[in-house]
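Coming up is one lone chain in structure tokens, specifically the form predicted on its own.
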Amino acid sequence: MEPILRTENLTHVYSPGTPFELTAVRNASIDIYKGEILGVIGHTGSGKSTLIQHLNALVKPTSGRVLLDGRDIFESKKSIREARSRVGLVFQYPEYQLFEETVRKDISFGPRNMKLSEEEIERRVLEAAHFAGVEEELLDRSPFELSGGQKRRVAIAGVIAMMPEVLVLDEPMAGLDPEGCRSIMENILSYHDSTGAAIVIVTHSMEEAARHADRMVVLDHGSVAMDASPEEVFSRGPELRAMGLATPVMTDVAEKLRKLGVRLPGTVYTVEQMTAALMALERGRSRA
């Protein structure tokens, strides 16, 4: 299967040729497939945010290419516009994306730029608000009156209203309480399940990545250090820790239990997996 979106040897250098030159992304080649959930993790400064800003042509690579359905997204102004409508990006700080007088106008901004009919724009606003968990009574309020969690939802709805085939989210749960994190994630998964869109989630939370990602990319100093299933990534705990990353809490708990002689399977990195493994052990003891 061909990827819907691909980076080929992508490199981005800030302030080249100056004393402040910094290579933020180095020769990164990543495939993103329709319908998958891809987790992107890495320590602070590893290049995560710079990388994803290339995916919808916000930032142009110093070298390398970004391909959407096999075509370089920077080959023309038309291809850039297409990339920005098909690949939606939600920034970590939602206030950067909110600027209209009302929530309704903010959510409708993208569809209106796509030259859709007023009827279609309104349909998309209501549908996107539903996907993102934005209550209808908020639509005519100023986005700047909302709480941080509500602003996050409006920013997500504004991108979803364009019905992107690839939805990219930079730390979508940052700063939210556990209930807010759970609710936002449910909304993202609802969009994924309903549309079959590819979802790319940049996160510092190993637990979130472990629970939801089909595949994970680990960045280290701008380079792709790992590109594998969560099972394989989290089986390489010492390498992750050497990169300054923590493993999921359940991975650490499983390692300690194994050292105590508890016979756990190799794949235990979520609470659900640990619960199932311990219940299976208990049933085995009951039958013995």
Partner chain sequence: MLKDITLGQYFPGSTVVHRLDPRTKILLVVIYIAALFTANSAAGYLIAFFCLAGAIALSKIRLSVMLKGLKPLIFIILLTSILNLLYGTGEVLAEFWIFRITDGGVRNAVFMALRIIMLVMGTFMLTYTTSPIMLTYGLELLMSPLKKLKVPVHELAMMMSMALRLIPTLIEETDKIMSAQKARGAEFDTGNLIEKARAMLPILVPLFLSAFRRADELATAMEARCYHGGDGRTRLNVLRLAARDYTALTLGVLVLAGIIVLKRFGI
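Numbering follows the first chain given and starts at 1. Note that the coordinates shown come from a computational prediction; the quantities given were computed from them, not determined experimentally.
Keep in mind the form predicted in complex with the partner chain is missing from the figure; the text below concerns it.
> Within 4.5 Å of the partner chain in the model of the complex: all of M1, Y33 and F74, by heavy atom?
Replying inline: So, no: the whole triplet misses the partner chain.
>> How about R81 - does it come within 4.5 Å of the partner chain in the model of the complex, if we only consider non-hydrogen atoms?
In response: Close contact exists here: in the model of the complex, R81 approaches the partner chain to within 4.5 Å, heavy atoms only.
> in the model of the complex, does G158 have a heavy atom within 4.5 Å of the partner chain?
Replying inline: G158: yes, in contact with the partner chain in the model of the complex.
>> Although the partner isn't part of this model, could you tell me whether S190 comes within 4.5 Å of the partner chain in the model of the complex, counting any heavy atom of the residue?
In response: Flag for S190 set to no.
> Just to confirm, L138 within 4.5 Å of the partner chain in the model of the complex by heavy atoms?
Replying inline: Flag for L138 set to no.
>> Just to be sure I understand the contacts: of L98, L176, L146, M185, which is the one whose heavy atoms reach within 4.5 angstroms of the partner chain in the model of the complex?
In response: Contact with the partner chain in the model of the complex is made by L98 alone.
> Looking at M162, V134, V217, V125, which has any heavy atom no more than 4.5 Å from the partner chain in the model of the complex?
Replying inline: Looking at the other structure, the residue within range turns out to be M162.
> For the chain seen here without its partner, which of 217-225, 25-33, 50-58, 232-240 has a heavy atom within 4.5 Å of the partner chain in the model of the complex?
Replying inline: Result for this chain: 50-58.
> Can you tell me which residues in 102-129 come within 4.5 angstroms of the partner chain in the model of the complex, by heavy atoms?
Replying inline: The stretch touches the partner through D106, F109, G110, N113.
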